[in-house]
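The chain below stands alone, shown as structure tokens; this is the form predicted alone.
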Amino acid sequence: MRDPLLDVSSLYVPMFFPFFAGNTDTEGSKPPLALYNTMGGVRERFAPLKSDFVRLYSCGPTVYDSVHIGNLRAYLLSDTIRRVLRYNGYKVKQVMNVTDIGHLSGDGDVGEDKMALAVKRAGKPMTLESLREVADVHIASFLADIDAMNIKRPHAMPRPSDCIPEQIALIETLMDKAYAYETSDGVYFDTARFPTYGRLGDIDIEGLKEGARIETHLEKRSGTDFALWKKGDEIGWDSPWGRGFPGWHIECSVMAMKHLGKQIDIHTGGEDLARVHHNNEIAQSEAATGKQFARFWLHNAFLNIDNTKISKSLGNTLRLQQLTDAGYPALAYRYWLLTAHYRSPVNFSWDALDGARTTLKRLHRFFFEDLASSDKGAINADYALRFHQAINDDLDTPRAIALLWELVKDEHIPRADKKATLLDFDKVLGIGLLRTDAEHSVPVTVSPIALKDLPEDVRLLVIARDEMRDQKEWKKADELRDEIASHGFTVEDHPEGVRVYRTTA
């Protein structure tokens, strides 16, 4: 049975009702948008706080290094929800931070600042200018990665180092309201003063406190208290509490409020951020403003490699450039991620990525070759409704992709209508059908090679495979396909006959 949906047309008088894939709005056939809200752990019907305008905040990278492929899953989530919101007719403003100060190596309140460590690794002097230079390099790398994956750039990408006065002002507000206190090494938020601390994700606060007892900070009132400002003379800014830099958590509250206001509709991030970082954002924001900080919280599950969490600290990271260097286009990686639901853990393997590359190539060839000469068609209403139902059912991209392939194979749909409908789907999926040929990182206009133009050994293998298929010797035919592939060629079967392509990256 599906989870119930919470109707949030009124934030004060919630109303529950069941949601099924076939349900539609009272406005024609448009299905309602339902999202799984980590706050409460239920699927809820989405409605923005203000008319048709959605404020979307996404936790971005700490730019001390290049992002890895696990990080990119979080940015694909934010891109997918943004595309789905636009598909539903909403106006969207998306803000994503790029952290260039304050994120300590212990991911809490201990260790050195990750950006300061990056400056040292680069052999640069410990100055704010050096910090910005290092950040610029990795921001450029990040933008190249999301561009390659067809992830839309956020409307604003603020840096904490550009918002120091605003962060100091928010900390002063929390001090004035007695939600914060000063110690010898900084300013901390007093979680005991915020009774609902830890409610995001139904966190075990007692367990969190128990785990925090390993810290040796004797001045903290509670193990769950977190730094708003860290004192230090090596690098930083002047403040009422001495020279230093803001804590990791305060930056997101400030940048969200600065660009989106005191309340936002949707906040996204990886599931690893929910337990501490996002609970800290909620506590400091709501303590300061007295208003609900974010209405919906969306978190993607981990990406593992060899069933182990991918982590820079474990040294098992892969970067997008490594995939492309190995011949796997960024769009193939995007496609593979979309075949799993964003809340389901996924295990990366080269075989899985290889399958995604092959499948996406087949789709691109079908679209750019078989449908190339199609006249202007109309979006098929039945497929469009089913696609809308899938993506509005908590961003069910696996179901949407299955529907896409059902459409490709449906011989009852005119080719022109098929093309128009696929283009409509790609507004959400972003797998390259709306791009021009020159923009593609997957070759899409490679023409099949005539049998007479193939190398002689490959030509004979193709003929032999065709004979095996005629004799229904499917196993032998598959073995010959694999042998053809070992020579660098791909065989595709079509109603009008076999097509052979040279394998390309």
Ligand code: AMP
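In this text, residue numbers run from 1 along the sequence as written. Just so it is clear, the structure is predicted and the values come from calculations on it, not from any experiment.
Just so you know, the form predicted together with ligand AMP exists too; it's not on screen, but the next bit is about it.
Contact with ligand AMP in the predicted complex, defined as a heavy atom within 4.5 Å, holds for exactly one of F368, Y87, Y181, F302, namely F302. For the residues L273, L76, A390, V119, the 4.5 Å heavy atom test against ligand AMP in the predicted complex is passed only by L273. Exactly one of the stretches 32-40, 60-68, 467-475, 47-55 approaches ligand AMP in the predicted complex with heavy atoms within 4.5 Å, and it is 60-68. Ligand AMP in the predicted complex comes within 4.5 Å of a heavy atom belonging to I310.
Interface residue remark: G236 is not counted as part of the site for ligand AMP in the predicted complex, having no heavy atom within 4.5 Å. Within 4.5 Å of some heavy atom of ligand AMP in the predicted complex lies at least one heavy atom of G269. Although the partner is absent here, K419 lies well away from ligand AMP in the predicted complex, with no heavy atom inside 4.5 Å. With contact defined as any non-hydrogen atom lying within 4.5 angstroms of ligand AMP in the predicted complex, the stretch 473-491 contains no contacting residue.
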